[in-house]
Ligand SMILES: Nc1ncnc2c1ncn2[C@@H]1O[C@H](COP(=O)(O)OP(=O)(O)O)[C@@H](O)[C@H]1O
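Presented below, as structure tokens, is a lone chain in the form predicted on its own.
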Amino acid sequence: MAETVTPFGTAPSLLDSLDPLLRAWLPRQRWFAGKGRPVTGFTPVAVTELLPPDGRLGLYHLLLRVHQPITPGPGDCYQLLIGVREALPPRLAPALIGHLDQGPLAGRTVYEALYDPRPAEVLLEALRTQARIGGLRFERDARQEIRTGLVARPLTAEQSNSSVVYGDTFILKLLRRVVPGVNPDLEIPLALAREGSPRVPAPTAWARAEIDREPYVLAVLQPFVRGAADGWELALRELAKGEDFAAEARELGRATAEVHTALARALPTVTLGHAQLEALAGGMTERLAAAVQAVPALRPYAGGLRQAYRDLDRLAVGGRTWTAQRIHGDLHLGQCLRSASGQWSLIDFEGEPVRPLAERRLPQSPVRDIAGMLRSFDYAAHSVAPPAPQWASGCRAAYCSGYAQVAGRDPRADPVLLRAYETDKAVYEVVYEARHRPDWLPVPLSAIRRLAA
């Protein structure tokens, strides 16, 4: 394993002292994917000292494989930024990991460093200067300026990753669960920047690591959209006021189509023929079968839901084809920002983090993104009391109309493919809510009843 040895001892001795603290702390983090199973150990992938802990503050960058029961393979690799202080000031109390009583840092306090402006500013300076520290490589677009003196503040709303805003100028997304390979969260925005797309903030800088000859993307810095409203929060506010959202949905449809059109120019496209569509329908059928076993509430609707996939398979047998391209992969209202001027932007092109990286980078039908957004309108409308299905219907129609104005083809012209993707998404939502938010289960079940009819 690649490893940067610190002057305070070997990485294993440092990790031995951190081990019991991290076992308790990691499962409590929102971005930790292995909840519900104990952490049984760690393997260091890379340990890099960013600030020596010989003064008031120390900073370590860790890439650790986390071992848990019934986890196939070597274990997930997580990226951690560990701050070291003699004692934490009250403002950093929520970031506490614990106090070390052994090892090279005995007597010190360790904490989540992204909560602390000084360590976060160390990352920005490394990106600005294109530093190389141990196995870490900090790179940037030389055409974009990174000013010094930008004050860092963490964002608290993210779940699968962590973000820091620098002076309302930049936002740094730190990937938590990292995998080797080309990450679409950097690949796709760079491709769209080459196309001059205004709908996605162009990457300013990024951090990588090369470990055992495998590339890892660790973080991406992009311009911060000042005064932007999160699409989900905006939709809920309009719902609460009883306001129509169709005009916004139409503009969001246009933005989605512009991004899809630019991606089709920037990256290769393929044709989905019989074999590919058969595999697509088969995968959806398998996920439905697993979901029915996991969530008994799905059983009465399984036959109707399965019919959506049979209809898609029949079109494949009949010779129907579609064009596939790179897409967003996890599109919903929360992945969209509306600026103060009314311009919509799409963010977070990582795809569904639970899916393998190779799968997330495959060309897919743009209808998958569209189905995700249609589900998101439905989610918003059914997350309020009383539910507002007519509001959702208006948004869905307006979004498809806006998409058609740019793409030249209305997504509703492919009803079989759209229904199959929307059904697959709703089935996924049922399983997710049953596991994580049982009180929300009626939201996707209302769509299941509609889609199965």
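Counting begins at 1, following the sequence as shown. Remember, predicted model here, so these are calculated numbers, not experimental data.
As for the form predicted together with this ligand, it is not shown, yet the points below apply to it.
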Give a yes or no on whether every one of Gly134, Val179 and Val217 sits within 4.5 angstroms of this ligand in the model of the complex by heavy atom.
no
The chain here is shown without this ligand. Which stretch in 165-173, 274-282, 308-316, 141-149 comes within 4.5 angstroms of it in the model of the complex, by heavy atom distance?
165-173
Which of Gln335, Asn183, Gln79, Ser365 has a heavy atom within 4.5 Å of this ligand in the model of the complex?
Gln335
Sort through Gln325, Thr109, Ser160, Thr261 and report the residue having a heavy atom within 4.5 Å of this ligand in the model of the complex.
Ser160
Though only this chain appears here, would Leu155 touch this ligand in the model of the complex if you measure heavy atom gaps against 4.5 Å?
yes
Any chance Pro223 has a heavy atom within 4.5 Å of this ligand in the model of the complex?
yes
Glu248: heavy atom within 4.5 Å of this ligand in the model of the complex?
no
Would you please decide whether Pro201 lies within 4.5 angstroms of this ligand in the model of the complex, comparing each non-hydrogen atom pair?
yes
Sequence-ordered list of residues in 340-362 near this ligand in the model of the complex, where near means a heavy atom within 4.5 Å:
Ile347, Asp348, Glu350
